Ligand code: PXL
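Encoded as C-alpha cells, the following chain is the form predicted alone, with no partner shown.
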C-alpha cells in the first residue's frame, strides 16, 4: 500500500480540504497522513464570522517527529495554506522526506478573484511552491494569477490559449500541469493536461452541470492524486477525478439545504469501482 500525506487546512464544517481529502484518498486504497495548515470553523465561501487559526508553528515539529520515527511517504499532496510562509515549510518537507511524487493544488482563488484573507503574497508563495512540484492542478483563476495574466471567462479563450497557458505553467518548474474548469462552450467542462517532458497534451470533458458547489476542486484533486498514486496514468487519473466530481455534483443537485458542499460520501462506492 502506498503512503501519502496531504498538507492543507481543516475546515471543521463545510466539506473541503482535509475533511474531503482524507476519506477519498483512504477509500481509494492509499494510506493517508495529514498535516493541517490551519483550523477554520467553516470554509470561507458563503459563511460569515468564521474562525481561523494558523498552525504554522506546529508544522516543523510534526515533520521533525516524523523524521525521528523514520516515517516515509510515497507522495505529498498540498492544498489550502494558512499563510504564505507555510509554502517554504512545505518545500523543506519535500527536501527532507523526498517523496516520489509532489502534487500541488495551488488553492487560492476562483472566478477571477483570490479567496478571502489572501493577497499577492500567497500568489508569490504558491508560484514558488509549484516550482518544486511534479504535478500542479490550478484552476484558471489560479493559473492566471501565478502567470501574471488577466483572467479570462469562458468564451474569452480557446484551445490554443489553454495549451499555451499549460506550457507557461510547466515553465514554472513542474513536469506536468493540468488546468481545471476549462469550458470552450456552454455544454462541456473539463480538465486539460500537459506533460512538458513528452510534449503531450491530454484532456477529458464531461457535460457542464447547472450547479456551482464549494469543495469540488478538493474532490477533484484528492481523487486525481489518489488515482496517480494507484498507478493510473495522467489521462485515466483526470477521467476518474472528473467523473467522481460530476457524480458528487449530481448527488447534490436539488438539495438547497446542502449549499455548503457536495455529497461526496454517497459517491464513494462508485468511485472505488472506477479503480
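Numbering follows the first chain given and starts at 1. Model, not experiment: these values are computed from the prediction.
Not on display, but discussed next: the form predicted together with this ligand.
J.: Would you check, heavy atoms only and a 4.5 Å threshold, whether residue 28 touches this ligand in the predicted complex?
T.: Although this ligand is absent here, residue 28 would stay clear of it in the predicted complex, with no heavy atoms inside 4.5 Å.
J.: So in the predicted complex, does any heavy atom of residue 44 sit within 4.5 Å of this ligand?
T.: Contact check for residue 44: yes, within 4.5 Å of this ligand in the predicted complex.
J.: Does residue 16 reach this ligand in the predicted complex, with heavy atoms at most 4.5 Å apart?
T.: Residue 16 belongs to the contact set for this ligand.
J.: Spell out, yes or no, whether the shortest heavy atom distance between residue 115 and this ligand in the predicted complex is within 4.5 Å.
T.: Looking in the predicted complex, residue contacts with this ligand include residue 115, since a heavy atom lies within 4.5 Å.
J.: Looking at 59, 242, 249, 40, which has any heavy atom no more than 4.5 Å from this ligand in the predicted complex?
T.: By the 4.5 Å criterion, the partner-contacting residue is 40.
J.: Of 93, 103, 194, 80, which one comes within 4.5 Å of this ligand in the predicted complex, counting heavy atoms only?
T.: Checked against the cut-off, the match is 80.
J.: Which of 28 to 36, 230 to 238, 214 to 222, 60 to 68 has heavy atoms within 4.5 Å of this ligand in the predicted complex?
T.: Of the options given, it is 214 to 222.
J.: In the predicted complex, which residues of 185 to 200 put a heavy atom within 4.5 Å of this ligand?
T.: Residues within 4.5 Å: none.
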